[in-house]
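Heads up, what comes next is one protein chain in two forms, each shown on its own as structure tokens, labelled structure 1 and structure 2.
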Structure 1
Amino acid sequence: MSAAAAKTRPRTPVFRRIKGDILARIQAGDLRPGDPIPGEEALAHEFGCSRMTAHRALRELSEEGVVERRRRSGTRVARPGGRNVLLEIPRVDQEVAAMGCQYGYALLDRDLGRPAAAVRDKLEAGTRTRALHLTCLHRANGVPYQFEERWINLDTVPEAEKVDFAEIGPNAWLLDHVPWSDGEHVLSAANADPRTAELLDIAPQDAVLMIERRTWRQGRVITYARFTHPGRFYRLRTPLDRG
């Protein structure tokens, strides 16, 4: 990477680097259920950050069910049967099939380039970052089920540039080929704009559910996506944790 590119690319927040490092060690088997996790003071020293930053990383891992924090015994990798990890990334084709419907997919647009500032912020990327922008429509028994708009960070996943996504959707391809260590969902209700209403075969201003998703791999954003569903057609199910 050139010096100029390095200057324009924002640094990954330290708390995400801490989370990514711990998650990578768990996924590699270096840390197993019940194993202790370094404490806040040790992590702060290792990553050259404040104890508050280390605390945020461990707190978020605890909230996601990855680790368990005990006042006297410290932080340990969560054991099976403990807290549920509420974040799930379903394959939309399997989601539709589980409803007893036939799945259909269409790639609407595929474009390479440098994303707008608002999207760069979501990708935590600099002005020189290139992204693959995809728009797709998913159907259930021929009825529009989900409109997907996605940006894949080519700094993190350069191999995505060679995939045309004509036959396989980015949701399925990413889950099959790109491991992720961290993620978030943001849910909101909205009214369909004219273009979205036409794609989803609903009336303009009809209620829609929008899900925004970002995933990271060891502190670097993989993808940012927006999924829009007709409000009358989609139900969200998530496990509840009794603590």
Structure 2
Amino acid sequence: MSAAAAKTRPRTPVFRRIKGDILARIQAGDLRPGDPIPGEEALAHEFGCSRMTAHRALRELSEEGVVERRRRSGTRVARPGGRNVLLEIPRVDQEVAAMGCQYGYALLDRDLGRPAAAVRDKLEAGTRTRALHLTCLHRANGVPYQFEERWINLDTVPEAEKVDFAEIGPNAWLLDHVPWSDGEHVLSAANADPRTAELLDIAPQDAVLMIERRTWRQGRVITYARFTHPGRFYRLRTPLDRG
């Protein structure tokens, strides 16, 4: 087979070469959205590999949204709808350190009790549920960097009641003490309220980027957190991955 020639000791795995080849054909405009892609059998023959290897290449392309697969009818180039983007939301202390700045943490307020109805909804909790309400400020080289307001559901994480959070931030503590969790994130822009503006040392009404996070553990809400960043400086950036 001339196709299987030029072994050239393939440092890159075969399934990657298949993926790269198909991706290149698409990027070159050779294959357009909706166009059919050779089946697993054909690809296996073309690349001189087993069907499993061709299958893996096509499966990964499918998971990445590059192609669409349907039984019987085969594999086609996906027609891109929206964009699915991998967003990294780093830990604030690591983020500040990565910028080469001195990280500072301060607990502004610690308050225990039954939260208001709006927060109760976020916690998916009943009226008798108690929550730990924490207000924190994170600084980079002394400059306010992130304002954090957080509620921890004490029904789900009762151990949190005994922690004072004066030294360790709630995020770091939770990551160390609560196993693993599902998460939901909501991104929005808002005008800073007077208190937030003062804490972040920005003008009232300045735009802030807000990240709301809820995490679950076995179906119950662990915590609801609001992270507020000065909009003028803060950016969330997605890497450009697919080469």
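Here, residue number means position along structure 1's sequence, counting from 1. The term rigid core refers to the maximal set of C-alpha atoms that superpose within 1.5 Å between the two forms. Computed from a prediction, not measured in an experiment: that's the story for all the values here.
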{"query": "Selected structure - the one that is the form predicted in complex with the DNA", "finding": "2"}
{"query": "Residue 211: Cα shift of 2 Å or greater between the two structures (core-aligned)", "finding": "no"}
{"query": "Per-residue C-alpha change between the two structures, residue 226, threshold 2 Å, rigid core fit", "finding": "no"}
{"query": "Core-aligned C-alpha movement of residue 38 between the two structures reaching 2 Å", "finding": "yes"}
{"query": "Core-aligned CA shift between the two structures for residue 24 (Å)", "finding": "38.6"}
